[in-house]
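Here we start with a single chain on its own, the form predicted on its own, put down as structure tokens.
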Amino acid sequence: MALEYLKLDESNSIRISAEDLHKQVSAILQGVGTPQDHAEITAKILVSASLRGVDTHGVGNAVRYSVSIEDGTYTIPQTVEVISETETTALLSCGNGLGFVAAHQGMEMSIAKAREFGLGMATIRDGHHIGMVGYYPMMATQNDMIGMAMTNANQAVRPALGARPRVGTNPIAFGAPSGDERDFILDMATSTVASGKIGLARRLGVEIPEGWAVTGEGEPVTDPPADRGDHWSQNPLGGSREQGSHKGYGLGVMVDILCGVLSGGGVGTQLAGGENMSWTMAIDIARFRDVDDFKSMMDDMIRELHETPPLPGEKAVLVAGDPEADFEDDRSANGVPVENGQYDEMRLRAADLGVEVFI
């Protein structure tokens, strides 16, 4: 129910083509000094999130990133530095710039290493937000590979049994290619809900369900807070001890290890708001078995899952990536809905920067 009502309000939105949105985002970023190739990568990832219905991580963030560049929070132009590298691994520094750029390079390197050696991975420090984490495994599936990506963040989620936030929402994404069926794309926070959903609820002026967050005394939070602090925290995936909160908590710490400890960039308790360390991996399926046979078995599995009888009152059984793919089909054909406020904000920002207004 909660996820159902926390959707972009199409009655308060305007549909814009993905192409024009890409041009606008890129122009805004270039207007504050971002090199064209870096602006194009960032625009591509933000538009992909909007196309797939992940609006909290989409084009509406372009203005915020441009302000972070202008006020010096981000170092632009940035230099993505390879600190150490082997045949199958790499440690990168994002250079305190746009996280999208370094994460994209990290996955490109992971794919290239997997193509040559069967497996490739990169961990990235000195970074910021990388957007929709599911984008990066999709880069791997497009190359007939299995892909994974993770990113950590500053403390927002309490440990299981804990009363104060210590771990980030720390999302995990995994992708595997299929044949005739849609690729399997899992993109999930290790908290009960992504923090962007709480921000969206506040913007829409609606309460959040019990179970998403608690006070320091363990009481449910239903009025979405405006800021973070020790007075409240999000719940780990599972929510309560009885419902398996130790699992979400453990996964969140795993993300901190691969992204923050392995890179040396820091874990949730050590990161400032807006700092994010990341990790990517690609696996070459062909090193294990014939790719077409792999995809055929993926198709069989996905069809069997779809054919599962649904519970009473439910329409059908879904597989990870189905809702996002449905959004992408619609929005590619009919345009991406952008909230009126964000639409006006982007146009005003473009005009203020003296760049072309495309939307």
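Numbers for residues come from their place in the sequence shown, where the first is 1. Everything numeric in this text was worked out from a predicted model, so none of it was measured.
Below: the form predicted in complex with a small molecule, not depicted.
Asks: Would you check, heavy atoms only and a 4.5 Å threshold, whether A213 touches the small molecule in the model of the complex?
Replies: Residue-level check for A213: no, no contact with the small molecule.
Asks: Using the partner position in the model of the complex, report whether I130 sits within 4.5 Å of the small molecule, counting heavy atoms only.
Replies: I130: yes, in contact with the small molecule in the model of the complex.
Asks: Whether S110 contacts the small molecule in the model of the complex should be assessed with a 4.5 Å heavy atom distance threshold; does it?
Replies: No, S110 is distant from the partner.
Asks: How about G33: is it within 4.5 Å of the small molecule in the model of the complex, going by heavy atoms?
Replies: Answer no; every heavy atom of G33 is more than 4.5 Å from the small molecule in the model of the complex.
Asks: Quick one: of N276, Q78, S233, S245, which gets a non-hydrogen atom within 4.5 angstroms of the small molecule in the model of the complex?
Replies: Selected option: N276.
Asks: Consider the chain as shown here, without its partner, and state which of V54, A39, I69, V59 has a heavy atom within 4.5 Å of the small molecule in the model of the complex.
Replies: Only one option qualifies, and that one is V54.
Asks: Report the stretch among 22 to 30, 321 to 329, 40 to 48, 297 to 305 that approaches the small molecule in the model of the complex to within 4.5 Å, counting heavy atoms only.
Replies: Selected range: 321 to 329.
Asks: Is it the case that V157, A160 and R166 all touch the small molecule in the model of the complex, with a non-hydrogen atom of each within 4.5 angstroms?
Replies: Zero of three within 4.5 Å in the model of the complex.
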